[in-house]
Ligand SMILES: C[S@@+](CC[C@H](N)C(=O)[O-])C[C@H]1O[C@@H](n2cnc3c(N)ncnc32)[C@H](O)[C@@H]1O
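Okay, here we've got a single chain as structure tokens, the form predicted on its own, with questions on binding and movement later.
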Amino acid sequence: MELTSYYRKTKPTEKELNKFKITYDKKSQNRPAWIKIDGLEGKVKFIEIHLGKKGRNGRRKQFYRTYLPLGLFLPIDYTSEEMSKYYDKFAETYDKEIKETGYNTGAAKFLIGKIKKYVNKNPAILDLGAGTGIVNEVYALASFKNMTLVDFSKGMLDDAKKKPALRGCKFIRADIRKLNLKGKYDLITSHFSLGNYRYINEEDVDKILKKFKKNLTQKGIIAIIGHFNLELFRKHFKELKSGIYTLNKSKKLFADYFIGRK
């Protein structure tokens, strides 16, 4: 495998292309689910890779793009399986990245403040797209202990299981688009997962909301924060509260939030 090009203001020379160290997912049979290039400085959105495998037109060329600001590249036409493996790798540095920005934990504290008046003292919580459980730690410290964490990344959930604050929680590794649960929950949450169309498109979100609505108790609520079309949520739930949360005012970073009842 070799880096043949990357895309920013200046075009790389042959000498520059050869100086980078490439590490990648070696477990995927078709192509790497993620690629990391050490020494690549500046804002690079896309890279072109020759995999060194024969195809109809000779050596197989693949394009990758930056997905999150952590130095990993994901195939442009990624599959859900590749996204899962990407997050398995991301799990190695996820908590560090999240703690440095404080966006996710700050959003969790904000949402907790909004939902407290709508739930009982010890609600059964289902969190969709829980990741390493860093947000769930915030809930645990706010006395929300009865949580079920769902994520499609094994690496992320393995980290969540190691957190002392989450002892006693339940963990489910699954793609929420395919998951069917029989249990009932007082509160369903999602922080930057369900409300992010890079993960799940609007059509899938519509199906997910319809499906998981059945898992809410009679007075159960759903609380979501991320970037989404509020009308999708209003279609399935009676709105209790919605609005915009400021992640970082100076950087003009904002998120939508929605709290609703079935």
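Note that the structure is predicted; figures quoted are calculated from it, not measured. Heads up: residue numbers just count along the shown sequence, starting at 1.
Here the subject shifts to the form predicted together with this ligand, a form of this protein not shown in this document.
- Put simply, Glu97 is far from this ligand in the predicted complex: not one heavy atom of it is within 4.5 Å.
- Using a 4.5 angstroms limit between non-hydrogen atoms, Arg177 touches this ligand in the predicted complex.
- The closest non-hydrogen atom of Phe192 lies within 4.5 Å of this ligand in the predicted complex.
- The shortest heavy atom separation between Phe152 and this ligand in the predicted complex is within 4.5 Å.
- For the residues Ala223, Leu216, Leu209, Ile200, the 4.5 Å heavy atom test against this ligand in the predicted complex is passed only by Ile200.
- For the options Cys169, Met156, Ala124, Ile112, the one in contact with this ligand in the predicted complex, meaning a heavy atom within 4.5 Å, is Met156.
- Contact with this ligand in the predicted complex, judged as any non-hydrogen atom within 4.5 angstroms, is confined among 180-188, 126-134, 161-169, 112-120 to 126-134.
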